[in-house]
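We begin with a single chain expressed as structure tokens, specifically the form predicted on its own.
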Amino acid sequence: MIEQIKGRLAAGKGKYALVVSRFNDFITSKLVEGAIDCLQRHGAGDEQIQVAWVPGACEIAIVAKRLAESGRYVAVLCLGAVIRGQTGHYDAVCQQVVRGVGQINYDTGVPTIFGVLTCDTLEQAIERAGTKMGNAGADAAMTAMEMAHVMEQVR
């Protein structure tokens, strides 16, 4: 029989850190609510969840890396909302955040989940923060739990 390594959707006993951008907080607050609700529905207690608010999406990676390096968390969820404006700033921010969050995974070995919305319009962000398209915060929480279990098995 072939051995398979699979994650499960259960919070387990580990702690989860959420790093959240305050910029566009009318969207990001909904992502936080979705993530916390998902973690709690899958068995996490309040003491297993820590939320760190940062000014904007560009600041997510540095705090996420510090939390991942601390050894206290089984996963770090990065939540934010970058919405395209009239300038090229959107592209620069998106590239920096994607690269930064991705690098944390390689540098620390702690699952660091990209839950940052990168949307062309405000309507798209609203849809992904709990309306038509579900809640990207809850999706990030599910990914975090699954990856925490996979990593536990491959250690």
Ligand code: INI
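From 1 onward, residues are counted along the sequence shown. This is a predicted model, so every value here is computed, not measured.
The discussion below concerns the form predicted in complex with the ligand, not included here.
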Given the ligand as it appears in the model of the complex, superposed onto the chain shown via the C-alphas lining its site, indicate whether the pocket is open or blocked by backbone or C-beta atoms at a 2.4 Å cut-off with 3 or more atoms counting as blocked.
open
Report yes if any heavy atom of Asn24 sits within 4.5 Å of a heavy atom of the ligand in the model of the complex; otherwise report no.
yes
Interface membership of Gly130, the ligand in the model of the complex, 4.5 Å heavy atom rule:
no
Report whether the minimum heavy atom distance between Ala44 and the ligand in the model of the complex is within 4.5 Å.
no
Is Cys38 part of the interface with the ligand in the model of the complex - any heavy atom within 4.5 Å?
no
Answer among 30-38, 107-115, 45-53, 58-66 for heavy atoms within 4.5 Å of the ligand in the model of the complex: the stretch 58-66
